[in-house]
Every structure is written in C-alpha cells, then in structure tokens.
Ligand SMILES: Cc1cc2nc3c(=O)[nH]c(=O)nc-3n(C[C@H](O)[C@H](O)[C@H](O)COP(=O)(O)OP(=O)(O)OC[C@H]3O[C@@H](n4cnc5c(N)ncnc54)[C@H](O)[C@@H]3O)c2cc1C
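Single chain ahead, by itself, as structure tokens, in the form predicted on its own.
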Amino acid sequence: MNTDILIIGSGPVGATYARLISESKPDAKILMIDAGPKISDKIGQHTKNISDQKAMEKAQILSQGPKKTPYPMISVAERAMAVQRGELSADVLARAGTHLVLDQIEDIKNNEMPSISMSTNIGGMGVHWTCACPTPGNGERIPIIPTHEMDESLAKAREILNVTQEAFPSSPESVTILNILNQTLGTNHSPNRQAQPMPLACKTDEVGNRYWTATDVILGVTMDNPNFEIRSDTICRKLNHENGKVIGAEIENIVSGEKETINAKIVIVAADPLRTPQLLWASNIRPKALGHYLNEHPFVFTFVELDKDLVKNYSQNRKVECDPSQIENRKSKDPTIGVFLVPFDAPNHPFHGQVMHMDFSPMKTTVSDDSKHIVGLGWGCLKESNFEDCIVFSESEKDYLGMPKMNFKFHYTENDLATIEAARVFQTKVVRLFGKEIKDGSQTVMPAGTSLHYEGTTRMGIENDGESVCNTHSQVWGFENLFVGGNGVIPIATASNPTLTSVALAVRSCEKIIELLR
C-alpha cells in the first residue's frame, strides 16, 4: 500500500499530527495504525466519557494488553505500602486501563521501575489520562527552542486540547483550598504562577457535565476526510530503510495475522516513550541516545481530611458563588469535584503540586463519614537526567506482542533524594494547614514508574552529537522522512504533566513535515 503519511500510534500526539497535516493538506493520504483494539463505540473517546459503568470497565480491560481481567480496587497509599513490604505484582502496581511492561514476579523484582506501565488501545494512554495541562515553568522550558516559537506552539496545543480552567465550579471548599495553597506558596512567585485551578483538557455543557479530551476530540473532522484511515489491532514490526530514508514499514494485523508493507513519503512514530524507541531499535535504527536519558519525576502523595471549621471561616469572610447541581449532576463515579495547581516555578517553588478535591473518600481510610471532603496532594519534583537511566532491549527475548523485550535501569542520585525530601517538606506545610492527614493515605514517595510521565528516550537536540535522537522538529538524525513524537522527545527533566508540551512539539514538527510535503 502507498500512502503519503504513516502515523504509528493513535494517542494525543499521533492525533495532533493527523489533524494538522489533514487541515493543511486535505488531499494527503494519511494512515494511522495502533497495536491496540478499538475499546468503545466511539473511536478514541476518553473512558471517563463512557457513562455506563460496565462499558467503561470493559474499555479499561481491553486497554490492558495481556491482562484480561479487572485489577482489584486498591488505593494509592495501599499500593505504595505493598511495594515497601515487597508485595510486588501486576495487581498491586498497575491501574485500570494500563498494564505493566513486565508483569512476571521475577521481572518486577529485578525491575528498577516496578510500576512502569502502558496502555494498548486506540487512543493510547490519552483515553485514560488526567487531562491536566499545566504550562511548563522556569526550569521546565526547553532551552533549545526559542521562547516565542514555543509559546506559539503551546497556544495552539491548548486550542487543540480544549484546555480550560473552568472545568469545575467554584465552591466554599475550593475557595478554601486555593487560599491555603497560596498562603503556603507566598508572594515571591513569578507572574501568573500562583496556585490556581488546574488547566484541564475538556469541555463542559450547560449543566456542568464534562467531556474529556482524547483522540476523538483532537481528530475532530479529520475522521470525515476520505483520505484518512485509522486501523486498530495493527502493529508495525519493522521500518525498512536505506540511505537515510524509510522505504517501507512492515505491519501486521494482530487478529488475522495478515502482513503488509506500507510505502510512505513521511513516517511518524508516536507510539509512546517506550514503544517508539522499541520500534526504532527493532528496525536497527540505533542512535547512541536511543532509549537513554529515561526520566520520570518522583512523586510524593498523601490524603488530607479538609477541616470543616476552616471552610466555614473562609466562607463567612468571602462571597462564594456556587451552583451545587454542577457538582451533583455528574455521570461518572469519580469522586473528584475540583483539581488545583501549584505551578512549578523555580527557585520559589521548584516542584509541581497537583491537588484533587473529592467529596467522598476514594479509598479505605480511617474516615468514617463519607460526607467529609478529602484532598489528595501530589507533589512532583525534578530528577536529574542521566545517560545511564535507560531502556535495555533484549536481542533474543520478546514481549507479549513479539517485539524486543524491555528492562529498565533507573536510579535516584543524592541530588534527587535531596530534591524529593525538599518536596516532602513543602507538602507537609500544606498538609498542616488543611487539616488532618489520613492515616491510611499518609505521605509516601510512590514507586518509580507510577506517574506514567516517561520522557527522554527519543530526546531532541540541536546537533547530531550522540546526545539526542532527533532535531528540534522531531526529525530523526540522518533521516529525511522519519519523525518521532510523544513525551519521549522532551529533552529535559520536568516535574509537571508533559502532554501539553508533547502536543506543542508535535505542532512545531508538523510545520516541518508540511514544508517537506510541499
């Protein structure tokens, strides 16, 4: 088969490539493939948009690769405590909609990132993500891209993802939460880097129901273009290449076993930060940095019972407009009724604070009254980028899809441990102001791999010096028609959710691809 564009991977980044290229070149033939199945009636929709609970659970199970049964209900704290006790298993470490890269007990015990996971489905991890889209702060900006160019790409990314800070209505509790966060943060922050509602990728209707952004939203009218095709259950096993050009992609339908070679003018690999380098490695495209500089921010998490008297005092002193029906009229069983951001802002606050407000407890806790409001506090911090932190690809062993098996090297340096402790100390200040920390959800450093925010494995750079895989337009060094996309392209350590940045980098990359097509 001949096509103009082959996109491998159907998550938010792959969908962004398809949308922008289709808008600019509607006559271009675009084929998108994904190794995973279609998991719901609507292609690529977020599982939180599925109102029927059984249908949502079915969609999550279909995303779990070799794991064909539901995971047991387990809290964040229970997961961390089990890891500390050495009780390592897929049921403990993975979450609904994902599956561990290594799910055998011995592999998990020997894996330095025990919780490293992925989703295998149309829409990728984008049908399960939190939709959090904070703007990167000082210390998280990619220094090799001019600031004005990155700002323009970030603005376009927000448009594509439908980012808003008005996803959740105001309430006495939300006003209290923001006041406490800003009280702790102080006034030395950069402009617009105060505590605020989390920018979220979603739209709300007139009664407050949210429709969360995923591949279906991003693609939009691209799905109606007769020159666009999306195939599920279709894996790319190898990219054939010669003289710096991909000349054919060997693909296979996992269900039927049918094999085919795709000839494309442009090939974009946007599988995820693990399977993108895996495919390049399997294709004998092996820059020195491929799979190296694997990064993920450490994550400290805890739960607090919000002090009712505190809320009462704040409410009496401030006029709070609140429409309770917008909170009560929600389709899912998700207890979250507010998400807040304490932005990364070095040096004043060199961490990323993500705060979730829930109107009933999402886990087994010492809280007996479900009417009590619970606040979940997650603090992420920077981890140093090191060449030695990497994916190790096997020359002989295969994963469940028959691709090179992966293992991982990942360690915290002394500087990393000091940064984690500093994040823990700051979080403790916030906890003390909120109220009573919940015993069963007490402050814990989550196991490596938990955040799902993996970066650096196909990192970009400004020259082909062995320290990067692609240039600043995501074009693989030495290739005229091969591009990579996703969180793996981010070349620096970040503490915040990376999807907005990855989509912005895809926006920038599309400019180069459209230029080549012309």
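Predicted model only: the values in this text are computed from it and were never measured. Quick note: we count residues from 1 along the sequence shown, nothing fancier.
The protein also exists as the form predicted in complex with the named molecule; that form is not presented, and the subsequent description refers to it.
Only one listed stretch (449-457, 23-31, 462-470, 49-57) carries heavy atoms within 4.5 Å of the named molecule in the predicted complex, and that stretch is 449-457. In terms of contact with the named molecule in the predicted complex, the residue from Leu290, Ile268, Leu219, Cys236 that brings a heavy atom within 4.5 Å is Cys236. Site annotation in the predicted complex: the residue of Leu294, Cys131, Ala249, Ile374 reaching within 4.5 Å of the named molecule with a heavy atom is Cys131.
In the predicted complex, no heavy atom of Leu6 sits within 4.5 Å of the named molecule. With a 4.5 Å cutoff on heavy atoms, Asn487 counts as touching the named molecule in the predicted complex. Using a 4.5 angstroms limit between non-hydrogen atoms, Ala495 is distant from the named molecule in the predicted complex.
In the predicted complex, no heavy atom of Leu482 sits within 4.5 Å of the named molecule. If you take 111-148 and check each residue for a heavy atom within 4.5 Å of the named molecule in the predicted complex, you get Ser119, Thr120, Asn121, Gly123, Gly124, Met125, Gly126, His128, Trp129, Thr130, Cys131, Ala132, in sequence order.
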